[in-house]
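Next up is one chain by itself, shown in structure tokens, the form predicted on its own.
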Amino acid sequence: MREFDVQLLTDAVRRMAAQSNQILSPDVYAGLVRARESEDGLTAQSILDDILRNADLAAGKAMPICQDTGMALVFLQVGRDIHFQGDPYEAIQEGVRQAYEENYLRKSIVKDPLRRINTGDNTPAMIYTELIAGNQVKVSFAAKGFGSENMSQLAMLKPADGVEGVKRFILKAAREAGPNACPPIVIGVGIGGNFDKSALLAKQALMRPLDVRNCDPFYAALEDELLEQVNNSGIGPMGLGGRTSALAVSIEVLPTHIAGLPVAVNINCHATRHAEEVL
């Protein structure tokens, strides 16, 4: 059994919250560079040049990539041989507080969805926990802006809708997002489970590096097909036309009930801010 000081969580979350808001991860930066190289329209090229220039300035000056510095999402994979010394959830919230205060990141969270009073420190973070083998803790952090989050959709399809129905729904969600999610977007898809689990799968799919495909060849091929179709839509960077409407489509799946086919789509903007550490 490993005794685990929760201060490690506070420090890791503080680092990742600052890093993900100021520095594009290498997979996202590379994806944007590839998108720029593939564009032949002057407007699309200019927009992608501006996106890359903005990323370079943010990294060089330790400033936010975007004014919406997001809701903090933390995925924990906790080894079963870990014994926490202290409250891990409060340690995570403290890491968010410190990062958003120290780095002048916008505080966007309201404590009640209808009365709308700001919490003043960007907490609470949304925390998702999974038990795994071993004595380590993997922490994945995402700063989720709501221009893209608001474009999320979920459908309880019929099994008879099959793969074609799933494709139609995903493409519909991408088209309806249009310019609102600051394309080129990243599309996370969750298929299976139940109503709530499919939505979580879609969000987890967005944590995958853009250059990593689903390990099942069937779903990897479906990801590639959907990405091609989204990019053929003509939405383009910032919705002003072009070859690149999305950087990636990532699909995660779970078993489901014989009477159901849940499908969820969660969309990220072009920044797709995420980071991870193993402690």
Partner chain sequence: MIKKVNTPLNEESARSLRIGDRVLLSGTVYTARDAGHERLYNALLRGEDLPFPLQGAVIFYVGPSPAKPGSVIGSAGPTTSYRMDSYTPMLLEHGLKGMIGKGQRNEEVKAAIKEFGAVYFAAVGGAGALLAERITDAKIIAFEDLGTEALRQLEVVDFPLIVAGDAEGRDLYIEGPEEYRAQHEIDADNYGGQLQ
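Computed from a predicted model, the values in this text were never measured in an experiment. Numbering follows the first chain given and starts at 1.
Just so it is clear, the following notes concern the form predicted in complex with the partner chain, a form of the same protein that is not shown.
Taking the partner from elsewhere, residue 165 is found to have every heavy atom lying beyond 4.5 Å of the partner chain in the predicted bound form. In the predicted bound form, at least one heavy atom of residue 104 sits within 4.5 Å of the partner chain. In the predicted bound form, no heavy atom of residue 119 sits within 4.5 Å of the partner chain. Contact annotation for residue 175: at least one heavy atom lies within 4.5 Å of the partner chain in the predicted bound form. Only one of 146-154, 119-127, 205-213, 81-89 places residue heavy atoms within 4.5 angstroms of the partner chain in the predicted bound form, namely 146-154. Proximity to the partner chain in the predicted bound form, defined as a heavy atom within 4.5 Å, holds among 33, 57, 220, 254 only for 57. Contacts between stretch 233-260 and the partner chain, counted in the predicted bound form as any heavy atom lying within 4.5 Å, involve 233, 234, 235, 238, 239, 240, 241, 242, 243, listed in sequence order.
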